[in-house]
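Next up is one chain by itself, shown in structure tokens, the form predicted on its own.
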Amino acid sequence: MNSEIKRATGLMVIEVVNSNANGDPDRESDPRQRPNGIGEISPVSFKRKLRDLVGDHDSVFYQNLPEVYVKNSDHYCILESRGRDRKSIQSEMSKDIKNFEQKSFLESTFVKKYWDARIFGNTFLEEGANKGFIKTGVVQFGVGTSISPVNIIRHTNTNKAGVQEGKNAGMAPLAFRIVEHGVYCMPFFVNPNYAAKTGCTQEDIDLLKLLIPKAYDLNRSAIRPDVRIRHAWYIEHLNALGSCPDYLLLEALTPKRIGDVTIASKSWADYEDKTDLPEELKAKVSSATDLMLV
């Protein structure tokens, strides 16, 4: 077990205002929603935003990171990148992919190069390769779900200039699909038990803590202009195995809906905010930090 990394429980409280935080490709990019009206944000969607921030080494954000990341940017590449060369990546893992040896893997270019593989794990495997190369990540994000059902608004976009040859105007029927208002909670977990398998370091975790507060602010788009992380709780346990049940921490920091929880909210004022852990839970953990205030 990596003695540097402490077990941690995290909770993001995300407010969505007139935005589509995560479109569903199976429903023409409608905001993700369960049959009971509860909204969803997938872990894949959120991790994509973190990867995009890390992968752009020339961006203002990356260049303003602490020196250790800027000077060693070749250690903070992204495995899950568009157009990746699979054969090249395979050679970075090992010269002999049919056999797996943990010590050699940890010393490989693959481990040293890809931040997302070290922290989130990887399922990268070519035909004939040893399954030992597949790794479960140290950090796992859960599905973000809204506290109350969400209302979805659909508008048709118009384009005066036209989008096809010979057309002077165009329309995109019901293309603008947004959640009017919703407050979502997304848990995440840091498990040092896997760090020795993926090569994850404390510096990798420290970078994650810098990324989370900027995930939406630096990834705004026309369909996602106003997604606010109200809180990003990061709670370190007293020991590597965990000193408090995760669910107690998550329940204690989840905002409480004021009024009828089955009706979609209209604003942040429809919730009772939670700004700290109760004293009895504080005594069970090492620290409870809101990354948004650091």
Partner chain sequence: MVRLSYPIAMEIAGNTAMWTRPDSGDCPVSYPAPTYSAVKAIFESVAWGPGVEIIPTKVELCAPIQYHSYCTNYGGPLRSTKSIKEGNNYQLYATVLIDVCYRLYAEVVPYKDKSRLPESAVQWDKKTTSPGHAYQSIFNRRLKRGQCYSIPTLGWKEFTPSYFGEFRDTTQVLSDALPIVIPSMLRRVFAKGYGSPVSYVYDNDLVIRNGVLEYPQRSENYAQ
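Residue numbers count along the first chain shown, from 1. What you see is a predicted model; the values in this text were computed from it and never measured.
The same protein has a further form, the form predicted in complex with its partner chain, not shown here; the description that follows concerns it.
Asks: Quick check for you: of 66-74, 253-261, 233-241, 50-58, which stretch puts a non-hydrogen atom within 4.5 Å of its partner chain in the predicted bound form?
Replies: Result of the contact check: 233-241.
Asks: Pick from Y216, Y114, Y184, F141: which residue has any heavy atom within 4.5 angstroms of its partner chain in the predicted bound form?
Replies: Result of the distance check: F141.
Asks: Of Q90, T201, N191, N130, which residue is found within 4.5 angstroms of its partner chain in the predicted bound form when only non-hydrogen atoms are counted?
Replies: For this set of options, the contacting one is N191.
Asks: Using 4.5 Å between non-hydrogen atoms, is D246 touching its partner chain in the predicted bound form?
Replies: Yes, D246 sits close enough to its partner chain in the predicted bound form that at least one of its heavy atoms falls within 4.5 Å.
Asks: Under a 4.5 Å heavy atom criterion, is D30 part of the interface with its partner chain in the predicted bound form?
Replies: It does not: once its partner chain is placed as it appears in the predicted bound form, D30 has no heavy atom within 4.5 Å of it.
Asks: Just to confirm, V44 within 4.5 Å of its partner chain in the predicted bound form by heavy atoms?
Replies: Yes, V44 lies within 4.5 Å of its partner chain in the predicted bound form.
Asks: Could you tell me if S104 has a non-hydrogen atom within 4.5 Å of its partner chain in the predicted bound form?
Replies: Outside the cut-off, so no.
Asks: Enumerate the residues of 12-40 that have a non-hydrogen atom within 4.5 Å of its partner chain in the predicted bound form, in sequence order, or give none.
Replies: The stretch 12-40, when checked against its partner chain in the predicted bound form, contributes D24, P25, D26, R32, Q33, R34, P35, N36, E40 at the 4.5 Å heavy-atom cut-off.
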